[in-house]
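Consider the single chain below, provided in structure tokens and representing the form predicted on its own.
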């Protein structure tokens, strides 16, 4: 056995030692902390029901029958498209922050040596654990914990995934998204600003990476062209707040929702800056079309848009066509295929190197 293989085998055991020493073990491969919480598209009863049914009928059958609107969110093979940017060797130890139902965790586990999936919602991890059994993957552990309180894994990981998570870091309390998204729910915030909380989280991510480790960060662009054409900000369901000055966005959110606007997004320049401030020495930026969740096309930010063709489908995930999607498709081609305005790309993928 060569030295390289011995090193790879040792690293997951080091991580598992930290899990066993610092956290309580629940069923199977799930560890839990005393800093749990709740964030899900489903309410708490629905999450519990999905986890229970999945263990009986299998996760695909459970979702297809009871929550078909989330089938592609969980199982679409397009979700993993950005992982190609990491050029994984198959030996890395990785962490997926905010892993939820495993849309990225499972394809990542098939490409690397070990994955720790972290999420604050226990029932989401129960569902994911069932998926792992179905896929016969034994190189994944799951940790139920608040993402902002992970201090036990210094220098442990080669790769960290922060996929659609950074914008939610400043939120506090339990979030049942179906009862929170776009709803008037007064809430007070105190302490650091959203940007300061996001920076602190990214510093923890950086600290938990080995020397030479990398972060994969995917997020909507603050200046996504669709926001200027009448699309609502995807985390608050409000118009304009993503690209307005932060104070103006706060003012609108407090009037419409009863709470400040905390789901801070960034431009390409902004995400590069915050990653560098958190310690990453080199940052590669990519434009992602039509978005980072279902990437059809990923183009280096310094690359050419000369041969760009539209990626926005005339129909949504449920097959419904609309004039808004048609207009967005035309706008996408005009802005990127003709004017080549990279600044307005819909989503950002950033690879940061420690």
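These figures come from a predicted structure and were not determined experimentally. Numbering follows the first chain given and starts at 1.
Keep in mind that the form predicted together with a small molecule is missing from the display, and what follows is about it.
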Pick from 112, 274, 100, 283: which residue has any heavy atom within 4.5 angstroms of the small molecule in the model of the complex? 100
The small molecule: the contacting residue among 251, 240, 189, 168 in the model of the complex [heavy atom, 4.5 Å]: 168
Answer with yes or no whether residue 119 is in contact with the small molecule in the model of the complex, where contact means some heavy atom within 4.5 Å. yes
Indicate whether residue 209 is a 4.5 Å heavy atom neighbour of the small molecule in the model of the complex. no
Look up in the model of the complex whether residue 145 has a non-hydrogen atom within 4.5 angstroms of the small molecule, and give yes or no. yes
Whether residue 140 contacts the small molecule in the model of the complex should be assessed with a 4.5 Å heavy atom distance threshold; does it? no
For the interface check, one of 221-229, 262-270, 120-128, 84-92 should have non-hydrogen atoms within 4.5 Å of the small molecule in the model of the complex; which one? 120-128
